[in-house]
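Given as structure tokens, the chain that follows is alone and in the form predicted alone.
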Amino acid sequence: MRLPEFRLERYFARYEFNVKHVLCASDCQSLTLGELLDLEPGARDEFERLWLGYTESPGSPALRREIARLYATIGPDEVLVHSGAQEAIFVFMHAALQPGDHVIVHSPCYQSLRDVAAALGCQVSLWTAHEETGWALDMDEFKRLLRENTRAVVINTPHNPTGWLMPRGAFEELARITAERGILLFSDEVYRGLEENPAERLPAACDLGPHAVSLGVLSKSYGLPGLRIGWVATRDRRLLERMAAVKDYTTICNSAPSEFLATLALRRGEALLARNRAILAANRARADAFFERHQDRFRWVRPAAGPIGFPRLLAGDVEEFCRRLVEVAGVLLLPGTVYDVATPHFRLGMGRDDFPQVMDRLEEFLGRR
């Protein structure tokens, strides 16, 4: 198995910790360890008494109970905890797919959702979203992409990088079609809970049928990427067993401090989500006003959910624009080329407290240009 260079991660490796201002972050505002421990009386003392031995490979029972509460039909034994979402994607692909299987992948996408399957020898068809339709996916196109050997469909909603949210009817139709054909539905739901309109929140895919797998993580909606805790939830017990066997070749088990802190975070999960939704509401309004002022420079399809959007640069080369911005203003944006998008789009992150100040830096840069 030979994996291609992960373009997005290599781009961040070059810039992320060497710039003053990150304006393309895909996560929300984080907390300090002290702030997290202060959410619950006695948590600090309990944390100091934590035993630093090996943890259970599926994840601690307490953590899996908290994760299961996020779903309507899932029990703790139907959750498998991983080191972040990236490991969960990698393990799922290795457990579920064989060379020659056909996989349909929502595009543009986080690269591993596509390229791990391709590296395993699968036939990958891209189900591509287009700006002209507000980044919506076409269900008729999906039906045309289906083959006799389609083994899995990979969907991401709320979507990275566009912020698109699949309508409930389409999501349920997708779950029905894949169930009828015996196709696995792998649903990347790492931004679930950050819908601008809470009434539009989709059910978790794992609650729509035993063929579906929901991917979750503490990094994005909860703003705790440093814990490196992700998970999958599914009622497909045989798939979970195969994934657990593959995980024996990756991390085996998770960090005990991370699992303790993740359990605490999920017990206070609604407070963390409400905090980040409030930050996002203010920052989305700020972004709307910015793009209204600069309609001659950018096209803005307003995201419906999550902390990121995917504006289009109307003139010039997007890689050059991002390079000059980071060199001159110390502001990092992510060009859409790292998603293999040919059009001049870039990723904008709106989930952090410093967004207003960094947007001021961007506006100053535009004024100089």
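Values in this document were obtained by computation on a predicted structure and should not be read as measured data. One rule holds for the numbers: they count along the sequence shown, beginning at 1.
As for the form predicted together with a small molecule, it is not shown, yet the points below apply to it.
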Sort through 239 to 247, 258 to 266, 86 to 94, 70 to 78 and report the only stretch with a non-hydrogen atom within 4.5 Å of the small molecule in the predicted bound form.
86 to 94
Please tell me whether any heavy atom belonging to S219 falls inside 4.5 Å of a heavy atom of the small molecule, as the geometry stands in the predicted bound form.
yes
Residue-level question: is H102 within 4.5 Å of the small molecule in the predicted bound form, judged on heavy atoms?
no
is_contact(V190, the small molecule) in the predicted bound form, heavy atom dist at most 4.5 Å
yes
Using a 4.5 Å heavy atom cut-off, state whether N160 contacts the small molecule in the predicted bound form.
yes
Is the small molecule in the predicted bound form close enough to H106, F142 and S214 that every residue in that trio has a heavy atom within 4.5 angstroms of it?
no
Of the residues S60, Q29, S26, T337, which one places a heavy atom within 4.5 Å of the small molecule in the predicted bound form?
S26
Out of Y110, W127, W135, F171, which one falls within 4.5 Å of the small molecule in the predicted bound form, going by heavy atoms?
Y110
